[in-house]
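Next comes just one chain, in structure tokens: the form predicted alone.
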């Protein structure tokens, strides 16, 4: 049995993006130090060994000076994957050397687009040239496993601009690309004042185009929104979809640990003040079979015969262009990924 993964939520941002619903507050050095102290207290409390570590946010690169002492307290296996999410504007050479020197071996960079007008419409404060230079600097510093985030269905995006973005990223030393469709969340700036976006059909075409373009650039799709060079999938993220255990530490962090799912309150000061983070149990006894089907169908590898046979009476209701059965595994096609929620809901009603 593998070790659990560790997720550490960093709830600090310089500026809140208008589409973002993740928990974050304004950055202050003194607050970051106290937050790091609280993370370390919790690491000692759980006293676990991890084979993946992921600093998500927020903007984890803002805590580059605190990350080394946090990692000093993390019990890691020898081959642990250690990822830090980065904003291109926080990726100066000094910061990158600090991260590399303390054992970080993977970066996830929020690039979002190679078109400056699209970046501005998303409220991003960097230009593509700044993002490009950040990736090149990281590579020179010694980071050889670098992922980039892009967004699909954003204000002003067209097939041509998406092609440009993927073409530009294909010329960078990247090993992984996450391509997320923009979702308008109600408690965000975009939720309160929605921008003009491509319609549903246009967004679907953009997604299918992205899949083709990325695979042509040799980034193979292994999950609904994730693409990687051969052998460079995100080991930490695969834990989520393969229903392997991970522990979340930090305000608003989520966990699947010791057989239950729980979350931490979205309250920075409460997390800092508490000797041990508050665990709000969201599922005391998760349905393993249901979750294995639901999460497994997000992956290109799909689910094995012993699982899909449990829902096969629902398969005649699913159009054949949405799925395939190969080597006794059921998986969704790119078209199927677009409507995966509906497909999974249909199949689970036939779970016997």
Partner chain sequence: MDYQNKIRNFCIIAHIDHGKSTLADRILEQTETVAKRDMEEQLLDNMDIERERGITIKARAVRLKYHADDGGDYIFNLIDTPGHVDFNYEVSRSLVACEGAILIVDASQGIEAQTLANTYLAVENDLEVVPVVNKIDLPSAHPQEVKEEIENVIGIEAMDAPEISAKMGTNIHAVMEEIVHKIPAPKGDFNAPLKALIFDSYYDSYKGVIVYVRVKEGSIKPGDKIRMMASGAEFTTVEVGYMGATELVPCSELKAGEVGYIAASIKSIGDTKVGDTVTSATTPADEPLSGYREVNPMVFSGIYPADGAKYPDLREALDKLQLNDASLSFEPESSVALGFGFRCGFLGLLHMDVVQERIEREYDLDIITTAPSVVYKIELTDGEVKMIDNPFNYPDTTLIKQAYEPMVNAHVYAPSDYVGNIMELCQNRRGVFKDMKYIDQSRVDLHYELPLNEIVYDFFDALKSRTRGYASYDYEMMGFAPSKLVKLDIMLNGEVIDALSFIVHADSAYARARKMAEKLKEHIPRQLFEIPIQACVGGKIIARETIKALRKDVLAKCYGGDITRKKKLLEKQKEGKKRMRRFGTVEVPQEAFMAVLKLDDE
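As the structure is a prediction and not an experimental result, all values here were calculated from the model. Residue numbers count along the first chain shown, from 1.
One more form of this protein exists, namely the form predicted together with its partner chain; it is left out here, but the text below deals with it.
Proximity to its partner chain in the model of the complex holds for none of 46, 69 and 267, with the criterion being a heavy atom within 4.5 Å. Of the stretches 118 to 126, 75 to 83, 224 to 232, 96 to 104, only 224 to 232 has residues with a heavy atom within 4.5 Å of its partner chain in the model of the complex.
At the 4.5 Å threshold, heavy atoms of residue 294 reach its partner chain in the model of the complex.
Although the partner is absent here, residue 27 is not a contact residue: none of its heavy atoms lies within 4.5 angstroms of its partner chain in the model of the complex. Although the partner is absent here, residue 289 is not a contact residue: none of its heavy atoms lies within 4.5 angstroms of its partner chain in the model of the complex.
Not displayed here, its partner chain is approached by residue 342 to within 4.5 Å at the level of heavy atoms in the model of the complex.
Just one of 216, 171, 282, 278 comes within 4.5 Å of its partner chain in the model of the complex, counting any heavy atom, and that one is 282. In the model of the complex, 180, 181, 183, 185, 200, 201 are the residues of 170 to 201 with at least one heavy atom within 4.5 Å of its partner chain, listed from first to last.
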